[in-house]
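What follows is a single chain, given as structure tokens, in the form predicted alone.
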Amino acid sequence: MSAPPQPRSLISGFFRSLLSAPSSPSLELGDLSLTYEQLWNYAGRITASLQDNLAPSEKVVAVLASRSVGAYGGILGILGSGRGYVPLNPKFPLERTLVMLKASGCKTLLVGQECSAMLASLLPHLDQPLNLLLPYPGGAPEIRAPHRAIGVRELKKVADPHDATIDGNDAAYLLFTSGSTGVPKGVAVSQSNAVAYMEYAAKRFAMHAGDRCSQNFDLTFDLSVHDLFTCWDAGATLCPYAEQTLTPATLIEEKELTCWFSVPSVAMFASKLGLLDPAAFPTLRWSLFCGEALSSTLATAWQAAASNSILENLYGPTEATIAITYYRWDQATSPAECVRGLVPIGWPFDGQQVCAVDEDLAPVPIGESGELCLGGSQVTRGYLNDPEKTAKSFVRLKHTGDRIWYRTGDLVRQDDRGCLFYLGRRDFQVKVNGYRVELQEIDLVLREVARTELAVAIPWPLSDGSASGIVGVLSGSDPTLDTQIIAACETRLPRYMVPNRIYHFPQIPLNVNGKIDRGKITEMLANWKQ
């Protein structure tokens, strides 16, 4: 009897493209262009080093790198060894990176050359020994015990490009989302979760070897997984933007991109810069948006600029693997379908399920508002080492059997066609420039650094259901310390979560339940006299 077929993994599509067209371009970084074979010659050395040096029980490897061959080759090399990757963001404060690294349980850290200085700052604060993989010549900090450098000079052997032995439940990647307690929540996305998304995306977007794809998202943002692997799965070319680029949208013309994926904020910035002239982006054939609410005004302007493209609004939290619903924009009919000026989030992907429920987790009638719950093969199994949070968010619904559903906290209504319309948040979780943020996490930091309990984080200014920044509202603190307070927040929080301004109120308004009234604070900010 023959052995059962090896389960497909997240990297399977890259291997298929490598074997079928090794000389095709896989990655363009500025003026540097690498074929699939050249990229694997780099990544395959990492795979071989990990296979030779790590125990099979070591299932995840952290990677500290950004928009470099080290970043993309590192991820491929880790996946090629049959392990999952844990991206760390060099733009995050050191304290947050340490928390994420410890929570992940990683014993091995791969570092890109662009992050060697950050590694030198990181090492003295580690309380556990790490294996350090530094796949670049020279410039590395001195590695002292208890840490061990592996594969620095020995990266000569290139692993064969084939799927390693995996279990579908093994993590493909581990990401951390903002947590209301101040501790990021770990979400392990399994190989089977990731493959379910990739297989549907391959059919839906029908990308091909001639496509040239944007790469706009940081690797700690789960939408980056779409960027990388839908592209490589199709044998297409990945074209990341450089950090110094004025706006990623300028690369559409420069790189003749055919597939675009970003948060709406990027398109909004492009609009403000006057880049969305009619027919400005004739090469685009796909325009995808996700990560925050998309306004009908912006969709109309982008569609006019990318008139040859299909524009879709995607929706999905990290816990449901990248995106799980879609809405295809139609210039003739879609504006009338928008609710509160926002584009619908549409219908679930094939094989996935949606359900709007009331406070008792019972399905609400068609047309009524309810909390959106998600089910299906893309839904993850819960939060890393946190059964309490998992039990609150991953639930069984009344009258739906034993299926596990993820509670999104998003309020929606569904029409008789099954189309979903986003209405807002059930709690205080918001999107800031596409990043999901728990306001309570910023509250906690503000209270500590400002030394007052009367500190509130407010998304401001608001536009089309999302925010472009955060402000802090304090009472009972010294206004002369605002600069120091913001500076202290910068050491504790990612940049997109740091308040850009502090407001001082004589009193913080409370609602009838004695809770802070964020809605009233927002109204007061709108009427604030400079």
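Start at 1 and count along the sequence shown; that's the residue number. Owing to the predicted nature of the structure, the values given are computational and were not obtained by experimental measurement.
One more form of this protein, predicted in complex with adenosine monophosphate (AMP), exists but is not displayed; see below.
R425 near adenosine monophosphate (AMP) in the predicted bound form, any heavy atom under 4.5 Å?
Looking in the predicted bound form, residue contacts with adenosine monophosphate (AMP) include R425, since a heavy atom lies within 4.5 Å.
May I ask you to check whether Y315 falls inside a 4.5 Å heavy atom distance of adenosine monophosphate (AMP) in the predicted bound form?
Y315 belongs to the contact set for adenosine monophosphate (AMP).
I'd like to know whether C290 contacts adenosine monophosphate (AMP) in the predicted bound form, with contact meaning heavy atoms within 4.5 angstroms.
Contact check for C290: yes, within 4.5 Å of adenosine monophosphate (AMP) in the predicted bound form.
Is the gap between F269 and adenosine monophosphate (AMP) in the predicted bound form 4.5 Å or less for some heavy atom pair?
It does not: once adenosine monophosphate (AMP) is placed as it appears in the predicted bound form, F269 has no heavy atom within 4.5 Å of it.
Among Y136, F394, F221, W347, which has at least one heavy atom within 4.5 Å of adenosine monophosphate (AMP) in the predicted bound form?
Here the answer is residue option F221.
Counting non-hydrogen atoms within 4.5 angstroms of adenosine monophosphate (AMP) in the predicted bound form, say which of N433, T400, T283, Q429 makes the cut.
Flagged contact: Q429.
Among 197-205, 376-384, 116-124, 221-229, which stretch has residues whose heavy atoms lie within 4.5 Å of adenosine monophosphate (AMP) in the predicted bound form?
Within 4.5 Å of the partner lies stretch 221-229.
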